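Only one chain is shown below, in structure tokens, and it's the form predicted on its own.
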């Protein structure tokens, strides 16, 4: 496939083969408005065929010895490496993020790291008891067909997060990517199928119109687990529709991560990591820093240092090798960001940005002097806009940070290790970083509390979520 050809027609991947659909929908480059390609509009019948293929493949795939599953996953990871530039270019064309910086090439590097690390994991039999009274073993067994529903912000990396642990534990997969960014996932699954048995990984796409494929997946009687990354409202719908079949669920949902900057910091030294904690992927990241609380002693210095750094970041077409930030991925998200920025500007002091640009471009925006009741602070903006709130005491900062329905991540910025430990222990979220933000890694479990999610991903704890426990008494 050419990495620059537009308007190519893509197919469903079912049972190891490309399959056409009765209709298709256009996928748009958010930088230019051009059509990148046509994605197939799957029907419920197509979903049933994909689940049937995955169920058929499960019978033999789930019985493979652990070392053979590991070798197969390593082969998949090697194929991702071999096609990384092709996939990166396709991600940029449909998602908008730049090739360089923390863009699509970085995403493919992260996808590779997760794929290789997940392939290396295992869940051996655990001996609970072995004495004169008998032997008790705990086994981890695959569930069956896993339904994966992925978002548009990191289409390849999050697909790898969902698929690889499912494969490593002997499950098979039907994945449905976001209709905004389906093409890179279709191509990823094609690449995986070059080294996997037919039906082990299947891909269906839909525009989320009348077919309502996502809802059908979460209620499908032959899908044993759904893993979802996306909004809280959609995750709640999945949880409701999955209840009738008692599906296993892993839900990584919205975040409104707080960063707390204490009064002992060097504002210049933390400006760059603060910026990237908030503006990675143009702020379109679940675990991005979305609310910044700064102690009054360094408030003005931190605001100035952040603005000085942000002002120099090039924003432009993702295919331009000089761009570091790209456009907002879609119009609906653009409108949310613009509404929240306007709400912030009504109350606060706009230090940078604050205005929509041509097309879907929105320059980095920083708004100071807000309080916790402003919509830009209370709601997840999921874009390049950072609200800043002043505080006077540690107790006040903790209370402000915890005043949210979300609890995905948070961060503390200080040179005082004892203060960092105290505040980190008090923050109501699944991950806390000290003097950095959002630096997830494949060997550490990741998940949210409150309305930010259910279950965890990554590491052995994430791998175990793709299994049932069977205890055998001898």
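Quick caveat, the model's predicted, so the values are computed rather than measured. Positions refer to the first chain, counted from 1.
One more form of this protein exists, namely the form predicted together with a small molecule; it is left out here, but the text below deals with it.
When the small molecule is considered in the predicted bound form, residue 179 lines it closely, a heavy atom lying within 4.5 Å.
In the predicted bound form, residue 355 stays away from the small molecule, with no heavy atom inside 4.5 Å.
Residue contact check for residue 152: one or more of its heavy atoms lie within 4.5 Å of the small molecule in the predicted bound form.
The small molecule is not drawn, but in the predicted bound form it has a heavy atom within 4.5 Å of residue 237. Checking 402, 322, 212, 268 for any heavy atom within 4.5 Å of the small molecule in the predicted bound form turns up a single hit: 212. 286 is the sole member of 174, 91, 377, 286 with a non-hydrogen atom within 4.5 Å of the small molecule in the predicted bound form.
Segments offered: 227 to 235, 67 to 75, 123 to 131, 163 to 171. Contacting the small molecule in the predicted bound form at heavy atom distances within 4.5 Å is 227 to 235.
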